[in-house]
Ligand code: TYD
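Before any questions on how it binds or moves, here is one chain, the form predicted alone, in structure tokens.
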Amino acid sequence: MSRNRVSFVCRECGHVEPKWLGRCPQCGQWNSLEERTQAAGGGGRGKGTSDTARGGRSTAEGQASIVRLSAVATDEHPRLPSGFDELDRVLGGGVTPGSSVLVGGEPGIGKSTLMLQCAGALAARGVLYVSGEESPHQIRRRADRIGVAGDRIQTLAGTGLSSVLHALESVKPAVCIVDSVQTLHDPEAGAVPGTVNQIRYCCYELADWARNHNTALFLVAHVTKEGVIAGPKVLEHMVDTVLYFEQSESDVRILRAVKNRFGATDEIGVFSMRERGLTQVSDPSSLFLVHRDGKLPAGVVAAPVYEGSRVLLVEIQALTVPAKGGVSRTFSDRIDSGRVSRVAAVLEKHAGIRFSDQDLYVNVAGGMRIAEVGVELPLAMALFSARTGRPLPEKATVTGELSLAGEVRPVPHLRRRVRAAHEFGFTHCFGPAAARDEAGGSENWTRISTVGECIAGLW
């Protein structure tokens, strides 16, 4: 008589333990191990179910042949235009046939709208739209609202993995969109949809089918309360590209790639949500600047930052107030709080301005997240301005990396930063002296070597 085997699976990373633990040894999450029951001798596919019928590889794993790398055929498959130049930029030049793309974001941010608009642009090549959350009637109503013709878009409303694979075998589309991957379910992976086992199993089956049939696969995924895709390590390792949809404080949506096997990961796509769906913002250079009629307040600095292949002008805002209870804290969600604390420590050491008794608040106007090193010197000037109450001169901008020794280090693409700032009316630019040759000898470029020189030049 066979007995059922009990194991405990982490819902965050999929790690398996034979007994329950309070903390997952793989990802460190507390209370994330959930009990799973599996029949003895199970774990494989059911009897009578072949790999081909389940959408798996047609060749058995034990019969795989060894091929010399130089003998592998390199047939080029042209990329498919998605209908959005901004999305094509993030994907690395278009939709790659046979690739699997994971699109994540908060509820209501526009993931389904973007995918439906892409389906309309790619409909002539054959599109299968699988929806586990909406009925075909709801999809049709959204398509009519945003002006997408549904003549060549095949829809499937269901959550069963077997029905999705059967539809793929029947339609053989060039593009398949699954909205969302958390709703897919297969009895072999458990009884509850949305678990780590279900997501891993269903994602693998679909990605493997798409890779073998040269079909571009888009998987829409929800995010957890921490702001990451549910089951992040499981899904991110199994797909080719991971895209995150971020929402700024306005109607602007930012699409960012955190993993891309077919392009760069530092590109961003900028969209705007309108009544008839998403529209792309082809020139977002000054989109994140605040236009004022009066004087510039203290704690505000305009900075040219380099995102992907273009320069964006952003406004960094800083505020310092006396710490409550004698313990200083840093509040910053658009720039890493650790970077803010480090820049404040450099100012305290090399500029003589005390921040250890202050609460620091840092924001980027428009909700843009910035991670590049060229934001460090502008951040330092914003903190200095907020602490002293002295605003920056009009039409002045700052860029540069700040070292722990108080030195200003060069940043890439300095010439483009200066040119972009000059085009938007900034007459004085302050940046690293080490980039003298790259700046091209521009007269409106003030070269500084230390944070002290920057403070003296601005004030």
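The structure displayed is predicted, hence computed values, not measured ones. Residue numbers here begin at 1 and follow the sequence given.
Note that the form predicted together with thymidine-5'-diphosphate isn't included here; everything after this is about it.
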{"query": "Stretch from 307 to 315, 100 to 108, 193 to 201, 370 to 378 whose residues place a heavy atom within 4.5 Å of thymidine-5'-diphosphate in the predicted bound form", "finding": "100 to 108"}
{"query": "thymidine-5'-diphosphate contact at Gly277 in the predicted bound form, heavy atom, 4.5 Å", "finding": "yes"}
{"query": "Non-hydrogen atom contact Arg142 with thymidine-5'-diphosphate in the predicted bound form at 4.5 angstroms", "finding": "yes"}
{"query": "Met273: touches thymidine-5'-diphosphate in the predicted bound form, heavy atom cutoff 4.5 angstroms", "finding": "yes"}
{"query": "In the predicted bound form, Ala167 touching thymidine-5'-diphosphate (heavy atom, 4.5 Å)", "finding": "no"}
{"query": "Partner-contacting position among Gln182, Ser112, Thr96, Thr241 - heavy atom within 4.5 Å of thymidine-5'-diphosphate in the predicted bound form", "finding": "Ser112"}
{"query": "Contacting member of Ile268, Ala174, Leu156, Ile146, with respect to thymidine-5'-diphosphate in the predicted bound form [4.5 Å, heavy atom]", "finding": "Ile146"}
